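In structure tokens, one chain follows: the form predicted on its own.
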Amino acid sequence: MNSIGIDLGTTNSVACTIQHGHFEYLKFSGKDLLPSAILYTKGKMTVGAAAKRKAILNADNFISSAKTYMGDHKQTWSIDDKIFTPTDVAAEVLKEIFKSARKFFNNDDEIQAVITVPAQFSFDQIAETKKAGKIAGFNVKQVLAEPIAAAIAYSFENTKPKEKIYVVDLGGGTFDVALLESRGKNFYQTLMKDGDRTLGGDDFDKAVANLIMRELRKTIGVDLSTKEKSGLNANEYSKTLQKLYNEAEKIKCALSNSETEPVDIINFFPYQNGLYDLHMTITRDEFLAEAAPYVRKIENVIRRSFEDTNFSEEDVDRVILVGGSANMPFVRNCVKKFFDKEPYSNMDLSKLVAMGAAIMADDELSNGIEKHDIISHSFGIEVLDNRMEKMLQQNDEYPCENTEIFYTVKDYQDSVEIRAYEGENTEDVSQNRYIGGFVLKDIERAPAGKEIEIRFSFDESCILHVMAKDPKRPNVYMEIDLDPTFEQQRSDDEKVKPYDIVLLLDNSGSMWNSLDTAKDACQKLISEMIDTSIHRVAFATFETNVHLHSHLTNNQQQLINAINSVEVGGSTNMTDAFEIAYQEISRRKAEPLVIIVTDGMPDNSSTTTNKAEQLKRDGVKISAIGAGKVDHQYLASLASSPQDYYQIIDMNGLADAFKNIVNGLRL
């Protein structure tokens, strides 16, 4: 049988097969790496390197890094007459791999594939990946966690009787770590895993792009952080950003091997009745300084992965680096410093995952390999007071199952609704992902407290089975296999009330040491806490001047880019910040909310109070967050009520304050 292993990456994908005992890689325009990007124009689909080349002229028809949104059923791209979902983009990339595989094998036999996913991928993300593989034409044998694939590839040629392997996998858009125990070539057990689904090589591209944009602001006064500030029209701005990020990716890679790198972008953008040519130099030290927040995130994830476990870094026998972005020297140094040992990277880091997948795709080689993986996220059911009762715990080894007895809450009810969720929040079920459910009918009518038996089981194919039955009535029984590729909707009476939210962030000089932390929390608010398909958000910062970075919008990526562009400024012009909020809220279509974050006092407290009172008189809710040694009594007076003021020690507590606001309003 034809078999192939596929590392479906955020930035690049790799496809590997084993022929006569040797790894062979499919070629795409003569190269082993296929850029995970598509371009759709005039009804024609282009994939990979050609799509990236053509994107310079057709930036609005180009989609890259779609894996970042895999499983997000609300994320779509509209190009010409066609709508693309993240699964559609993945399927197009996989179709290109299928086409190359068909040519390589030179027969019409079925092609069996193992496709890898990040360790932190959720239930529905795994299912969407499998769905994309099937659409492309593959017989998807299994979806395999990337750290396990990497460990299998390493042990294939570096066998030891027994060892604990720590995998550090920094891909284009995701960051995974995992501790595995291997016993020779045939036994792999995941002991723990962690990661950050929003961190990857793309962030380091942004760091380079930020350096270039800063140079442009300093030398010629052009600000490319937003279309409005750039002065370019929409088409010119899209093309300019495409050129910028193409160059940023090249510079990032080059700085892995050199201390300095020239930046040359010819015909960069329209400027003074002509086209501007950029010439500058970026040093590795400058790059490292700009990328420092992302390096700290890597360190924090590694450190966090050992918390609440029985393992420590001393238990690790071998550290493996995986992913093209792990080639960056400071990533290696960060890992080396933490574990006090040199990480293994003597194999091609960009191909390790595909190699492991190829081994598992080959029926003969994979025969006898035992792999024991663990659940990335807990599964549970909704219970009284909008809480979640966990049925299967995060890090449980699967296949696994658990049966519990629950009790009815109303007298003589004849049915009970079972609602299944994935996530870790037991106090507020709405903060977890709803993945499906059903109604068990014809239960015995009895006083409240009647027993209902519920079982959750998760099998080797990553399918969740949910069963409920009435112990007193054997025929009253229901079991379903939840289909995460179907977007479940809550009933009409549970729909969330939409808000128009203005987020005001202090970026005055006093924030110089904590702005990165505040920006991380703001990005988390937008990407993880607020459903931007329901709520619109505007973002502004205030120092001596006030900058409206984004009008009210549902565009999550636009908001994240805006937050990422913020730099430290001067004093604290809170008055004009509230004025900007007032102007923006005047465009509202939904319930208005202003969230203000500061670590200082306004330049003029009386006029600031007047502006805040004007907002409140207009029916606007104000939530205020004060950090450090500020006048908390004054800041609390700006909020709509004492309950709407949140006092934090420093910006490390900002994400939790945001979470409290979101939970209180059920955003």
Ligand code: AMP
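Numbers for residues come from their place in the sequence shown, where the first is 1. These numbers come from a predicted model, not from an experiment.
Keep in mind that the form predicted together with the named molecule is missing from the display, and what follows is about it.
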Worksheet item: Hey, in the model of the complex, is Lys206 touching the named molecule, heavy atoms inside 4.5 Å?
Response: no
Discussion item. Whether Gly569 contacts the named molecule in the model of the complex should be assessed with a 4.5 Å heavy atom distance threshold; does it?
Written reply: no
Discussion item. Even though the partner isn't displayed, in the model of the complex is Leu525 close enough to the named molecule, meaning a heavy atom within 4.5 Å?
Written reply: no
Worksheet item: Counting only non-hydrogen atoms and a 4.5 angstroms cut-off, does Gly356 reach the named molecule in the model of the complex?
Response: no
Fill in: Stretch in contact in the model of the complex with the named molecule, which is absent here, among 322 to 330, 409 to 417, 124 to 132, 538 to 546 (heavy atoms within 4.5 Å)
322 to 330
Response to the item:
Partner-free chain; cross-checking the named molecule in the model of the complex, the single residue of Asp500, Asp373, Asp202, Glu92 with a heavy atom within 4.5 Å is Asp202
Response to the item:
The one option of Glu261, Glu96, Glu249, Asp196 with any heavy atom within 4.5 Å of the named molecule in the model of the complex is Glu249
